[in-house]
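Given as structure tokens, the chain that follows is alone and in the form predicted alone.
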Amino acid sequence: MSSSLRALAEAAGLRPVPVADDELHAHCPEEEFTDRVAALAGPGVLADLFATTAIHRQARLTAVLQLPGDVSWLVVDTTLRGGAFQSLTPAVHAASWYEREIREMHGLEPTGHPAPAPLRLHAWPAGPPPMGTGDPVAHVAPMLSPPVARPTIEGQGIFQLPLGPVRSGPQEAAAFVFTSGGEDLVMVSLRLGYKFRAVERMAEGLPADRALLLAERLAGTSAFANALAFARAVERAAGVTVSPAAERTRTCLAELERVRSHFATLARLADATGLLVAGAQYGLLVEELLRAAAALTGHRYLRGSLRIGGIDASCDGPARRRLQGLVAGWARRAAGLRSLLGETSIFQDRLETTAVLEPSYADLHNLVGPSGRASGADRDSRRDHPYAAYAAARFAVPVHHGGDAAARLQVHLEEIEASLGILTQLLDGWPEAGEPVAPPQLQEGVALGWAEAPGGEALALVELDAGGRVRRWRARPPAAVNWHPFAHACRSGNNLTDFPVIEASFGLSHAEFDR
């Protein structure tokens, strides 16, 4: 364990206790929590902030932090005596949406928050909040008073254009209101939460292996990565060891999911700019990745392949040789399509200076994944917090500073190349599989799990009881972070016809946010 994060925590007045080689936990009094976390989030990164209310007599706040260059994580919690807490948002902007979520999901008031409007629950019945005490599913009551008013801009020639929540094509449910003076996007208001499922609450009391099914269903496009973060949290909490062969297989499946997701993002981006042939070519690659996943695991989106303590997908000699041939073919075709996109000036012109997220602005939100790395955020949990078999792989983490759609395109293109390189390395040096491992006996514990999903860092904090059942599961997928600055990017000198390009370049998941 690096001493940097421990020293930072101690300098902030905390007494961190190691629960693993790369995880520290610390508790502090309620009146000190905001100041302590703010002091840590200055040099560090606030990766998550959430509440727990339904399973304990008193509400609890938990912050998860990391320090660039340190492999460890720091989990800081406090117990609340009442139904309110001092807002962290005035000092740490990245806390804003976390605290708004705490307010609507748990009924705890962030005192001093500058704009505590709902994020997802626009018409929740009066009564217990989804993650608070009581049964939110069985509760039936009149709906809340009219939805929160959107900000408006008035003036000569200003009009508003609604889009969604139901839209044509594969896009998920979300409502956007464009404020325009003709062509320019003056302001964009978005509303998510139309398919809120309360999966974290549904997991409470379930055996860990059954709760894993919920983790796989946060979002189809990142089913494996989000489930892997959950499984690793359970394994770390219960002290379960995973075999090297299983870790290698997990890494390969995670990279297959990343490549497929990135190909899908590029297909949407090509379609949004009118490059239908390129879109079709990327769509063909997506279908081939889905079929390869089905051949390996029995499911096109890799569901059912993970299990607590191991993996249910086998990658024997013939399967590896087939996959090696496919990976080599995908690499050649991806390189060819990348060259064609780079030589198409009309395509490049549509992306350059579109939806700019300056590194300074992106840094306020602690952006993750390709969206963050396109705005200068040099973070990738595969490299910074190695897990599974990533420590044995050599790969570059692409970072650009343009912050526009063109920079996000380049990150996706370079990550595809890096992921195919990881697959080649792991398939070339595969160890012999060991004997089948019996299902582990789980025990009481709490721990953090993480994985680098296609959209960025996915976190899961799991608390187990003595019988291996889930007391609390906090899921923080990448979309929970990256939706925050999206509206700002839309209005940074763009016009109405740019929106399909903007949306495709970010590749954000609605389902991950609507968990």
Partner chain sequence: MTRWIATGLRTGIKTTRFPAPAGLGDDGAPSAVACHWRRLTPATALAAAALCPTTAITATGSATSGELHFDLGACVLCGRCVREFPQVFAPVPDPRVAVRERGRLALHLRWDPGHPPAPAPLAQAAAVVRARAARLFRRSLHIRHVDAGSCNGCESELQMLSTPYVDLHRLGIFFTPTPRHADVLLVTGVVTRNMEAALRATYAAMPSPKLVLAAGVCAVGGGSFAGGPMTQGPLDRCLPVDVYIPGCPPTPQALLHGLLLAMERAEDVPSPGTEGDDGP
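Since this is a predicted model, take the numbers as computed values, not measurements. Positions refer to the first chain, counted from 1.
The form predicted together with the partner chain is left out here; the points below concern that form.
**Student:** Each of P165, L214 and L341 within 4.5 Å of the partner chain in the model of the complex, by any heavy atom, yes or no?
**Tutor:** Yes.
**Student:** Please run the contact check for E287 against the partner chain in the model of the complex: heavy atoms, 4.5 angstroms, yes or no?
**Tutor:** E287 belongs to the contact set for the partner chain.
**Student:** Tell me, yes or no, whether L8 is in contact with the partner chain in the model of the complex, where a contact means a heavy atom of each within 4.5 Å.
**Tutor:** No, L8 sits far enough from the partner chain in the model of the complex that none of its heavy atoms falls within 4.5 Å.
**Student:** My question is simply whether D378 lines the interface with the partner chain in the model of the complex - judged by any non-hydrogen atom within 4.5 Å.
**Tutor:** The answer is no: D378 has no heavy atom within 4.5 Å of the partner chain.
**Student:** Counting only non-hydrogen atoms and a 4.5 angstroms cut-off, does E172 reach the partner chain in the model of the complex?
**Tutor:** Yes, contact at 4.5 Å.
**Student:** Only one of 358 to 366, 206 to 214, 179 to 187, 394 to 402 gets a heavy atom within 4.5 Å of the partner chain in the model of the complex; which is it?
**Tutor:** Within 4.5 Å of the partner lies stretch 206 to 214.
**Student:** Just to be sure I understand the contacts: of G107, G283, P118, G445, which is the one whose heavy atoms reach within 4.5 angstroms of the partner chain in the model of the complex?
**Tutor:** Exactly one residue meets the criterion: G283.
**Student:** Which listed residue (P114, G220, P386, G83) meets the criterion of a heavy atom within 4.5 Å of the partner chain in the model of the complex?
**Tutor:** Spelling it out, the residue with a heavy atom inside the cut-off is G220.
**Student:** Who in 257 to 281 is close to the partner chain in the model of the complex, meaning a heavy atom within 4.5 Å?
**Tutor:** Heavy-atom contacts within 4.5 Å come from R268, L275, V277, A278, A280, Q281.
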